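A single chain comes next, written as structure tokens; it is the form predicted alone.
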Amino acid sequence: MMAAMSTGGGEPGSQAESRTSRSPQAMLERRYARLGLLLIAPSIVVFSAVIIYPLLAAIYLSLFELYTPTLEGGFVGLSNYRELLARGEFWVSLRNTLVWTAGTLSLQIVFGIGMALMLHQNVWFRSLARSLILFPYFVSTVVAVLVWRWLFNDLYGILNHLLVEARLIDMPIDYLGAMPNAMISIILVGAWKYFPFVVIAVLARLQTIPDVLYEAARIDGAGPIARFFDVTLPQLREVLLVIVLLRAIWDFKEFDLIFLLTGGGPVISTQTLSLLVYKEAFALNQMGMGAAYGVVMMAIMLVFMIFYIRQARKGDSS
């Protein structure tokens, strides 16, 4: 009898669960879930094809000693990484990459914020200037490099010509063929090419800062400099965190601008890790070693991103 009662008592619950699972709301939720999976499936496929597969392939190739034209070779395990870390060229290229990234990023932030503050003021040429400021960012890198190589040329460059005519220098300066001129030159060109990105982001944030904050600061007797550090800069903090993260990643892996300007020269004085990857994989035909350099670049950027995000979170919590 007890078994019958327990069996009989269980049936209504199971029937209720069955009716709940078959209710129109539950069926609609399942349809929405299937529709959501169907809609994000193309994105997952594209993400896997352009990011996950190349990443895994690079890690796999870095474990082999491969000849680039035929991709023939043998498994060497971590030998590529041991050899990589023992090479002085790697450390020189890493140092150059860090100098280039820190230098051009700093100039982009400084000039970008300064230009955004100027374009935020009520000046008569503001609309035209906002349009022209995007020119360096939109112009092709090849075209920009050709123009700058002409400006920097030590024989017929307009820059040397003007400096000599103004009697500021006695002899033409070799901007791209000697150090530290070459590193300074590519940093300046990189800052000029990419600082409009900072201008756009900062200017968009400036337009959303309430005027009440500035009025309160004026009432308290704050001058322009104090208003910038006490009002503007704290309001720009979040957008600057994103800008620094994105620009650091993009500048760290910059290839075409440096390759076209100096090719890594003189010797390897401006050779960055991106140029070293290209050199190993396609100039020396060592695809395995080139892949190992690429994996190390990714690891360095991953460490930087983790450290930067943690510091940003500490700043937000404080």
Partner chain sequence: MMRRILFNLSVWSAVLIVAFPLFWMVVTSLKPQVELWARPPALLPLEPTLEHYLTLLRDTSFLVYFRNSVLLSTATTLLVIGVAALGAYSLVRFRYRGRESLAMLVLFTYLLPSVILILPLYLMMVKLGLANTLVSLVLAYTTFALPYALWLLRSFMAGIPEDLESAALVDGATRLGAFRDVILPQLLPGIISTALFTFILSWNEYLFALVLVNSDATRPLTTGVMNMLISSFNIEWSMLMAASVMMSLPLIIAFSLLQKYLTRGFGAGAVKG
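This structure is a prediction, so every number in the text was calculated from the model and none was measured. Numbering follows the first chain given and starts at 1. Whichever C-alpha set is largest while still superposing within 1.5 Å between the two forms counts as the rigid core.
In what follows, reference is made to the form predicted in complex with its partner chain, a form of this protein that is not presented.
Colleague: Even though the partner isn't displayed, in the predicted bound form is residue 87 close enough to its partner chain, meaning a heavy atom within 4.5 Å?
Modeller: It does not: once its partner chain is placed as it appears in the predicted bound form, residue 87 has no heavy atom within 4.5 Å of it.
Colleague: So in the predicted bound form, does residue 131 come within 4.5 Å of its partner chain, heavy atom to heavy atom?
Modeller: Heavy-atom contact with its partner chain at 4.5 Å: present for residue 131.
Colleague: Spell out, yes or no, whether the shortest heavy atom distance between residue 138 and its partner chain in the predicted bound form is within 4.5 Å.
Modeller: Close contact exists here: in the predicted bound form, residue 138 approaches its partner chain to within 4.5 Å, heavy atoms only.
Colleague: Flag residue 274 as yes or no: does it have a non-hydrogen atom within 4.5 angstroms of any non-hydrogen atom of its partner chain in the predicted bound form?
Modeller: Yes, residue 274 is a contact residue.
Colleague: Note which of 284, 267, 27, 57 lies within 4.5 Å of its partner chain in the predicted bound form, where distance is taken over heavy atoms; exactly one does.
Modeller: Exactly one listed residue reaches within 4.5 Å, namely 57.
Colleague: Using a 4.5 Å heavy atom cut-off, which of 87-95, 178-186, 102-110, 200-208 contacts its partner chain in the predicted bound form?
Modeller: That would be 200-208.
Colleague: In sequence order, which positions of 143-180 have a non-hydrogen atom within 4.5 Å of its partner chain in the predicted bound form?
Modeller: The stretch touches the partner through 143, 145, 146, 147, 148, 149, 150, 151, 153, 155, 156, 157, 158, 161.
Colleague: Taking the rigid core as the reference frame, tell me whether residue 305 has a CA displacement of 2 angstroms or more between the shown form and the other one.
Modeller: Yes, shifts by 2 Å or more.
Colleague: Closer or farther: how do the Cα atoms of residue 197 and residue 307 compare in the predicted bound form relative to this form, given a change of at least 3 Å?
Modeller: Closer, not farther.
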